[in-house]
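Below, in structure tokens: the form predicted alone, a single chain.
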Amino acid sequence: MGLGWYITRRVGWAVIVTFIIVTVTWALITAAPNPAVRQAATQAALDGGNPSAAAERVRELRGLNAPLHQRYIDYMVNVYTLDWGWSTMRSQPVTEAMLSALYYTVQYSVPWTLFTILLAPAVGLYSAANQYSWKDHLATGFAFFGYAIPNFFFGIMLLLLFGVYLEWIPITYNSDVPVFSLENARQLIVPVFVLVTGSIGGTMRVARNESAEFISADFVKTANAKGVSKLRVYARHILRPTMVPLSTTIVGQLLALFIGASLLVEIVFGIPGLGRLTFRAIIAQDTNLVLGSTLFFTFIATIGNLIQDLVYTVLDPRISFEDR
């Protein structure tokens, strides 16, 4: 009944949370005026026709004249059967539009996530091991710089420096180059660097503070007295318990940047990813595509929080799920 029951309940809550968020998003977009209806009425008036009849015809074609409860039920059934409708903006199924955009998002989000998970705890541990020295101040300054500067502004400055003045990287994103190629690495290195500096700051500070507490702990002094190597002391006896509270910060930072800052980065660098697709869908009021993107981001958030809780048991076996 311990871990298995806990996972079952968390997955159930994830489904409920997803259901509520998609419902609220659907209600807000449904309450907004549909641009296709307004455009049809305007065009009919300009052509000397009947605006009301034209608007009613569009509502009928799009199923907007059906009762709200029926429209809501139909959509929720389609959501859980992965029939997410047709994107009017892209003229293709929503799932295909999202998969084609996700292909480009993954190319920078995977290396960004890996670099953040590897570098943030290491930099924090290095800073804690050299407390109040110039090394500590340098690492702390780098963390605060990345945490404070806006991602979109930092991205624009780097693009002007390395793309316009130095001409080291391409100014516009080329989606035709192979994924595993030097050309693709050149055009993605700056977006990845911008996102890493934005996510490493808060995570590094938590890692530093937590590591500083364990450095002076009795079990670390015992390991040093036994002649355990410094690398083993830092990696096993200090970094491992530090990762337990740090995993919460890492997941929160990555989810916030993936949903928010990555959108701005995609717009600045012209990457046709999922964030840019969602932004354009909101502007065009493409209801199906907006709701599909909302469902995807909700799924990522709930799965990320579930993985975060499961990582606790790997990093600290003393945590019990019997009463949770």
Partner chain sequence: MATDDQARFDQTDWEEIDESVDHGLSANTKVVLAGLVPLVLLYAYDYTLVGQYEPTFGFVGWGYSVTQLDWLFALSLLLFGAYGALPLYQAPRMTKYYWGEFKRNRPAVVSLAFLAGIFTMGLLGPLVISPPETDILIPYQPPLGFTIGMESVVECAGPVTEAGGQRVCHGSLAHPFGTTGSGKDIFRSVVYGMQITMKIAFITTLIVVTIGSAVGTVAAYGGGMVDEILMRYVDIQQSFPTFIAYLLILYIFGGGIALFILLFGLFSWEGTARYVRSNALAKVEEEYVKATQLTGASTYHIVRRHLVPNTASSIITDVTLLIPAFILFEAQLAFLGLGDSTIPSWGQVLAGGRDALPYAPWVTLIPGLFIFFTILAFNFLGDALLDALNPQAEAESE
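The model shown is predicted, which means the values in this text are computed figures rather than measured ones. Residue numbers count along the first chain shown, from 1.
Although not depicted, the form predicted in complex with its partner chain is the subject of the following passage.
Exactly one listed residue, out of 213, 167, 96, 183, brings a non-hydrogen atom to within 4.5 Å of its partner chain in the predicted bound form: 213.
This chain lacks the partner; the member of 147, 115, 103, 72 within 4.5 angstroms of its partner chain in the predicted bound form by a non-hydrogen atom is 147. Picking from 185-193, 203-211, 105-113, 77-85 the stretch near its partner chain in the predicted bound form, with a 4.5 Å limit on heavy atoms, gives 203-211.
Remark: none of the three candidate residues (7, 15 and 247) comes within 4.5 Å of its partner chain in the predicted bound form, counting heavy atoms only. Taking non-hydrogen atoms only, residue 54 never approaches its partner chain to within 4.5 angstroms in the predicted bound form. Contact between residue 24 and its partner chain in the predicted bound form is found at the 4.5 Å heavy atom cutoff. Its partner chain is not shown here, but in the predicted bound form it comes within 4.5 Å of a heavy atom of residue 153. In the predicted bound form, residue 58 stays away from its partner chain, with no heavy atom inside 4.5 Å.
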